[in-house]
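Let's start with one chain on its own, the form predicted alone, as C-alpha cells.
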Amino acid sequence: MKRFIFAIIIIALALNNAVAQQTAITRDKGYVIVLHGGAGNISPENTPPEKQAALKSALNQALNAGKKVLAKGGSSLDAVVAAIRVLEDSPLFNAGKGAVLTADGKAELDASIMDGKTLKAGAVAGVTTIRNPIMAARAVMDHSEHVMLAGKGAEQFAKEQHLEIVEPSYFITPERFKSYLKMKRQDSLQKAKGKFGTVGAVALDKQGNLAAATSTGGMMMKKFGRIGDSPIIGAGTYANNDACAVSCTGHGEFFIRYVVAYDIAALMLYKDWSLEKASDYVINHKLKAVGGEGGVICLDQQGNIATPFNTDGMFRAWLKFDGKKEEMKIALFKE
C-alpha cells in the first residue's frame, strides 16, 4: 500500500513538472499584440475602399513594429510604444500627425502607458510640440517621480529627455483642417461626436508581462483645455499582470466617470470573471445603458483577446504567436 501511494505521488509530481515545463515553454516563446485605431460612426458606406486599404496597411505596419520587439524577446512596454509610434506618425488616425483640432484650431495631444508587472504608469496631456506623445508618457514613467505631466511642463520635460520636438503645425493635415473649418462654420460640437480616432495598444511579452498604452488628439472642436480619458490611468488605460491590459477609445467623459479600463480589470480580480465577460459587460451593458459610446481592446496573461465595442465600427488588429504558429487579424467594421 505504501509503495502504491508513493508511486501515485511520483506520478503526480511528474505530471505537475510536465505542466510547469509546458507553461514555461509557452511563455518563453509566445507573445501577443492588439491594436485599435478608434471607434465610432464607421461603416463601409462612409469609408471609401482606398481609405480602408490605407487603414489596414497602417495597422499592419504597427502590428509588425510591435512583433519585431516581441519576437526578439523585448518587453511588452517597448512593443506598445513601437506600435503606437507608427500610428502617431500616420495621418490616418486621431493621434500625433493627423490629430483633430480644438476650437482654436490647434492640436492638443494626450497619451499614457502602464506596466502590468510593476503597475508603474506615465502620461502627458495637452501637449502641442512633442512629435510622439507616447514617448513622452514613457519618459514620465521611467525618468520622473510623477505619473502625469501636462502642457508646457510636459513639453519642457520632453526637451530635457531629448525627445523630438516639432512645430505645432506639424500635426495639422489638410484633411483635418478642412474638417475643422467645416465644423467651425457650423459652430457645433455635437457634429464632432460619434467619431473617436484614438489609437491604443496592449501586449503580452515572452516573459508573461502585460502593458497598455493609448494616444489621442481628443475631441474635435474641444474647448477650454479639455482632457479626455486617454491619459488617465484607470479610465482610458490600465494594465495589471494579475488581470489584464486595456486601452479604450470612445466618448472620454463616460470612460472617465465609469473608470472603464480599471472596471474591467476589477471584475476579473474581484469576481473572477473572464476577460470576455468583463469587457462585454462594461462596454455593451453598463456603459451603453448610460449612453456611453466606444470600445476597448483587452488582453490577459493567457493570451486571451477581447475587443468589444458598441458603435458601428472600431479599427482593430491583433497578432498572436503561441510558440508554434502565428495568427493575425485586421478588421474595421462590425462582423
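Given the structure is predicted, the values throughout are model-derived calculations rather than measurements. Position 1 is the first residue in the sequence shown; the rest follow in order.
This next part talks about the form predicted together with a small molecule, which is not shown.
- When the small molecule is considered in the predicted bound form, G252 lines it closely, a heavy atom lying within 4.5 Å.
- Although the partner is absent here, G122 is not a contact residue: none of its heavy atoms lies within 4.5 angstroms of the small molecule in the predicted bound form.
- Within 4.5 Å of some heavy atom of the small molecule in the predicted bound form lies at least one heavy atom of T216.
- In the predicted bound form, T237 stays away from the small molecule, with no heavy atom inside 4.5 Å.
- Between 149 to 157, 78 to 86, 242 to 250, 124 to 132, the stretch whose residues reach within 4.5 angstroms of the small molecule in the predicted bound form through a non-hydrogen atom is 242 to 250.
- When the small molecule is considered in the predicted bound form, only one residue from R226, K106, K206, K97 comes within 4.5 Å through any heavy atom, namely R226.
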